[in-house]
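Given next, in structure tokens, is a single chain: the form predicted on its own.
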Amino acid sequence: MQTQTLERMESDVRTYSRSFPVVFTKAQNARLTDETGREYIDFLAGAGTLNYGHNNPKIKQALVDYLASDGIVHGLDFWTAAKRDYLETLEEVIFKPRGLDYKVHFPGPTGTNAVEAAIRLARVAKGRHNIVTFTNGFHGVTMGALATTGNRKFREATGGIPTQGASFLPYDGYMGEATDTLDYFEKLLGDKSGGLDVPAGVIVETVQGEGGINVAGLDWLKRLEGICRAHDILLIVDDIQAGCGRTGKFFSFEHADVVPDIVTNSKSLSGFGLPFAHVLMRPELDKWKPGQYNGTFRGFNLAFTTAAAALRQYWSDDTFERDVQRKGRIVEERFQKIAAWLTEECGIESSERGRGLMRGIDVGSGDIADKITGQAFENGLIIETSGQDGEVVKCLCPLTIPDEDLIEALDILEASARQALS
């Protein structure tokens, strides 16, 4: 396998190619193939970007047809037929059935672009600077988003420039199951000497992906919404990794019957792995002046096309979300079994957690998690870790994964844990 040019020319900042040092050539749904012809089952799926699998044929056909028609590919923020089709589909398939009323902002095409736009919009709308964020949260690595990201590894990469404009509070469960961490938030808001500047907004992941598959309780999320309403604070849900069906609902906050003021989406939004992001906002929050937040790639017409196709294909009724929830229960059961074996037979205190098909096994140690995922790769499964020390083995398989591939992958993972630790 020829990797010399790649190793010589690509920056040392690369990560995934270190864990999976092969050259991939093609992919279909939940399977990747390297240039030797070996297949791997994909439990990474572009870090949650390929919820509908690799090269989904129905979404791909919409893209091929659009290209063949000489449709607009790049158009700044021009009005295009592809943009109109996407917005009409989003409204009819997603917003109306859920009783949502949002305006849509297309920033740059990445998740961190969406977060930057969301927190800046909150400041513009409320005339305040502070953004409340939570321990173990991950919202991106540009300077504004990084200020709301907890992991020291990313924060220290600024070269000593301090991140500003955010206050960290404990996420649900951070202080143990017996403590409702929102008591602390509410206490600070009511204390003029508490040291917390009244925030413009609160940004939260309902399930923290990079933070270790930490799951916010539904009651906690509902209470957080109530606190924001009571104190005139905007609730921003970062649904970049947890959205687009990953938790078993299109929006992860649907489980808690919460309606955020602002929502960020990216990753699987295009449905095909194409760069695409948007910010959803209550109409009265659209305080932007023309061009106040701009960029060359504001709305990618190829992504509009594939995103609309994905919405029509998978979200016109509840069939797909029910199937994701069913598969999530399969993964949950097997992860619980693996965690129990690690705890009881290996003396490694482990636990399963997650929601839908966003699940993980906390093995308490990055070294142990690396041993398991490394062995899994040798056995034909691509799976990554997350958490502050990489201690959580993390499932982000395509939501469209066939049952036989899902079971085979779980068999590989279980066998790999036994090989690595027995």
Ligand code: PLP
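Values in this document were obtained by computation on a predicted structure and should not be read as measured data. For every residue, the number given is its place in the sequence shown, counted from 1.
There is also a form predicted in complex with the named molecule; it is not shown, and the following applies to it.
Is F185 close enough to the named molecule in the model of the complex to count, meaning some heavy atom within 4.5 Å? Close contact is absent here: in the model of the complex, F185 is far from the named molecule, nothing within 4.5 Å, heavy atoms only.
Against the named molecule in the model of the complex, would K267 count as a contact residue? Criterion: heavy atoms within 4.5 Å. Yes, contact at 4.5 Å.
Wondering, does Q241 line up within 4.5 Å of the named molecule in the model of the complex on heavy atoms? Yes, Q241 sits close enough to the named molecule in the model of the complex that at least one of its heavy atoms falls within 4.5 Å.
Even though the named molecule is not shown here, does F304 get within 4.5 Å of it in the model of the complex, heavy atoms only? Residue-level check for F304: no, no contact with the named molecule.
Work out which of the listed stretches, 203-211, 291-299, 330-338, 121-129, brings a heavy atom within 4.5 angstroms of the named molecule in the model of the complex. That would be stretch 203-211.
From the list T89, T181, T110, N151, which entry has a heavy atom within 4.5 Å of the named molecule in the model of the complex? Of the listed residues, the single hit is T110.
Which one of F253, Y314, F272, F138 is close to the named molecule in the model of the complex, taking close to mean a heavy atom within 4.5 Å? Contact with the named molecule in the model of the complex is made by F138 alone.
Heavy atom within 4.5 Å of the named molecule in the model of the complex: which residues of 287-302 qualify? Heavy-atom contacts within 4.5 Å come from no residue here.
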